[in-house]
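Read on for two forms of one protein chain; each stands alone as structure tokens, with the labels structure 1 and structure 2.
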Structure 1
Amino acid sequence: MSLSRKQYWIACLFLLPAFVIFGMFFFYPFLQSIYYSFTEWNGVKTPRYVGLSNYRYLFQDVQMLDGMKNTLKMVVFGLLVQNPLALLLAVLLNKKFRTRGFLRTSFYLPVIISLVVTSVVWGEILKFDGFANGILTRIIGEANVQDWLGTVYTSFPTIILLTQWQAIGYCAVIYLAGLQAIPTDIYEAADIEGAKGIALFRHVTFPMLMPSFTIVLFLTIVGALRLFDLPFLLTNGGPGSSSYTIFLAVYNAAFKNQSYGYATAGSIVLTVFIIAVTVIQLSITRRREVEL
């Protein structure tokens, strides 16, 4: 046996334990879940094969449909509002001014706070007789205040705004790192060519920022599709199903209604959707990246 072939088999031997563990705890459960998605199963009795019924019911279930609509709203809001605001914030925080360090810390601080703590605090602030309505009552009158998390029309928009409290600072830090990685000599060359203001940003800064843009866009889309914590902790999808997300609908189908087969079908559809969207997004944005 040649030396290179021997090294190859030794490397395989070292990789074998990791491959076995990964297969046991990832690949096998995933393949098993595909089987369960075609069954009616409550986690105790023997699964009963029902064909595509679970997948067909996904598009008739009100909670799942509301979850899909709200999740897509979250994706659109993340792309059209959260992402530009994070970029604008990063550009502003990249300028030199006296309180720059303090403001950078302040905007990133919400990211390190536990979501459970965040939910409890915001739940107390936004309840009908909470702090927010106490101030609004004095400004616009008691007749115009809302139960922000307890009303069908305001519960999910409120949750979307609360997610921005953490997400914008997090995305801004990634953009800020990208801005600081752009060599200054590129700006000096652009200045000599007379590029300034919006033209400088459009033709120099933004193309050089594409790697950060790819990462932020990926995190925004996947984070929106996986939104679970805040609606679960603040409203549990209510009132009715107005603040459901797909993840929450899958969770409740499994652990509240004990419909594990149906919940597995929902999670597989969500997984395939996330993979498809991220592959398309990465293929589009990576083609536009500029190497330094």
Structure 2
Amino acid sequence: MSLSRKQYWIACLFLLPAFVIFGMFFFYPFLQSIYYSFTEWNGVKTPRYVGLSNYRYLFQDVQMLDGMKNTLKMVVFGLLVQNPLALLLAVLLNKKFRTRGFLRTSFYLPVIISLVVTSVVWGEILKFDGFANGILTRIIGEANVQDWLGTVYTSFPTIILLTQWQAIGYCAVIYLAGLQAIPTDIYEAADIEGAKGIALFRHVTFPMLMPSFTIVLFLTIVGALRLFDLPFLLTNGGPGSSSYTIFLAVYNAAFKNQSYGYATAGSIVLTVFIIAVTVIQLSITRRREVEL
């Protein structure tokens, strides 16, 4: 065997373990999901082909419908509120405050704390006789007390706010890294030209931050689509189905009701959403980023 031939086979051996593990524990089950989504399957009996009926049922199922509505709300909120706030926070954290280290750590700390612990703490703070209502009673009176996680009107908005506590530091840090990557001579040049304040931000900072925008927007949207832990732990989708997300509805359909075929149809719909976002983001990023 020639040397180059031998090297080729050695390279194949290097690739093999990753190829097999990824294929077997990620890609192959994904293909199976597509197949199962067209079947009625309880996990025990042989799957029975039912065509598109699982997909049709998705749009009649109250939990799934509320899940889609909430997931969409979360996406819109992420785009319109979370992102601008994260950017503002990053711009502020980039300033030369004396307490800059402390500020950055405080806003980033929730990111590394698990969602389980997050829901333990916030569940305790927000319960009816908990800390939040205690403070509210003292400051603005009993009338403002709410059962934050227990009413149809407040449960999902409360969960959205909690995701902000969790995620905003993460987005801000990525913007911060983007801000720090902008060379200072650009600002010096703009300073000489007389650009100040808002104009400086609009014409210099904003365009230079484009790569960070694509990343953060992507993370916010996919994060919103994947929302599961907080509603699962804090409200279990309730009261009623007011705080369901698609992911939570899929989880319940599969592991609570054993409707695996139906649940895979839900997971495929979610997957299609996420793929669409990813492909759009990748194509934008590809166009902008230089090979590293």
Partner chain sequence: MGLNKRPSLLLEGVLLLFALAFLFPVVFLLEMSFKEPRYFFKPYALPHSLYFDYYRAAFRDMDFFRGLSNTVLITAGALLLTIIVASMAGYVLSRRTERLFRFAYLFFLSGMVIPGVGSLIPLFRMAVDIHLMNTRTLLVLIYTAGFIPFASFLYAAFTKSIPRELEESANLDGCGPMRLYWMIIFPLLLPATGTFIVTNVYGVWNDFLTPLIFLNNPARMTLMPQIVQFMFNKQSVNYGPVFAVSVLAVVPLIVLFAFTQKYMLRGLTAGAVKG
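Please note that residue numbering is based on structure 1, beginning with 1 at the start of its sequence. Take the two forms, find the largest set of C-alpha atoms that superpose within 1.5 Å, and that set is the rigid core. From a predicted model like this one, the values you see are computed outputs, not experimental measurements.
Problem - Form predicted in complex with its partner chain - structure 1 or 2 - result: The form predicted in complex with its partner chain is the one given as structure 2; the other form is structure 1.
Handout entry: Yes/no, E142 Cα shift of 2 Å or more between structures 1 and 2 with rigid core fixed
Key = Yes, E142 moves 2 Å or more.
Exercise for the section: Indicate whether A18 shows a C-alpha shift of 2 Å or more between structures 1 and 2, with the rigid core used for the fit. Expected result: Moves: yes, 2 Å or greater.
Handout entry: C-alpha of V279 off by 2 Å or more between structures 1 and 2 on rigid core
Key = V279: C-alpha displaced by 2 Å or more between structures 1 and 2.
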